[in-house]
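First comes one chain, alone, set out as structure tokens in the form predicted alone.
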């Protein structure tokens, strides 16, 4: 088919070159946003009397009919078009005649695609933010259920101190809340309209760029036309934010996979989010969690790919920038589906509270509390640390826990330990007494939950 730019050329593009050059196979998903931008553009052209109101109405009606047909699945997206912009324009001219050729007045495909990607990315940011909100709401609900569910906390994958499941979940609430805050920051920073930048140097037509921006819900216009068409830093930021989201999901999945193992048995995955083995009938595999963990690499790759594409480009637009789309679309789709599946998986998981508590009761998770007990009795902390280390070594040799020792055994290491040691190092005491801000004690956790609920109420 004839290209929008064919006038200067005397030969048809080699088919292999056309196939290599075209972007319609993947940028057709921008159709709704391309039409949205075109309608705003044509309204502005009429307002500025660059085209007549009648022509604008005819063009607007034609664009709306294309959008309606696309929504109804009635459009033929077969190959033959270079990009979504030429597809829409050709279809418009076919429907309303030569007046459709006025649509592109005062703009370039450079600022048109820059606009389309901003509109699309803005919607995707809103979608990812909404999915994060749903996950945050679920985490708060689970925290309320498990305020007193004692479990071991770990450092270096070694049992460290007793915490609660609510406390552990709260750490992920904080991570995902920061992810959502990052998205809000990016959205605010990117919400400027590039349309009117032209190919790189603006246009001689008396465009009202601020009017177009307002129609499209932007906070203003990009104030340098070369910047407007030649940078994708907002998309790089979004890919970076999604990479961090996926990293957080991957870490959470790693823990759930571990907790779901027979060695831990802290949780059991729901059948609906598990799969079986083709040869081992007893197997129930956490494939959803594993795939989310694995797909993290895809999003990392998209971020690295776009950074690499952009790193050496001179101003202004270069065809390399067409490479901003496929990886970004894949990353957006991947992050969204992983958030949806992870939320469903977490909502249906069965928590083995007894197993968590039993695990916390072993591994000397209350050793620090013995040291704190000694400090409160007047022992210097460094001396207390040494005494407890010797106590732990003794327990290992005797195959006992700290709470299993008699007062006579304690006395071998410190003569100031009294009967109140047993209450001091009880698991419930160890957790209950930790009520500084951010700690697992019930008061601290309830305060945290209250602040999280307020955030959800205000941040919807």
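Treat the numbers as computed from the prediction; the structure is a model and nothing was measured. Residue numbers count along the first chain shown, from 1.
Keep in mind the form predicted in complex with a small molecule is missing from the figure; the text below concerns it.
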{"query": "Contacting member of 168, 298, 159, 109, with respect to the small molecule in the model of the complex [4.5 Å, heavy atom]", "finding": "109"}
{"query": "One residue of 191, 322, 368, 343 in contact with the small molecule, assessed in the model of the complex (non-hydrogen atom, 4.5 angstroms)", "finding": "322"}
{"query": "Segment assignment from 70-78, 313-321, 135-143, 213-221: heavy atom within 4.5 Å of the small molecule in the model of the complex", "finding": "313-321"}
{"query": "Contact label in the model of the complex: residue 179 to the small molecule, heavy atom within 4.5 Å", "finding": "no"}
{"query": "Distance check, residue 118 to the small molecule in the model of the complex, heavy atom within 4.5 Å", "finding": "no"}
{"query": "Non-hydrogen atom contact residue 113 with the small molecule in the model of the complex at 4.5 angstroms", "finding": "yes"}
{"query": "Close approach of residue 27 to the small molecule in the model of the complex, 4.5 Å, heavy atom", "finding": "yes"}
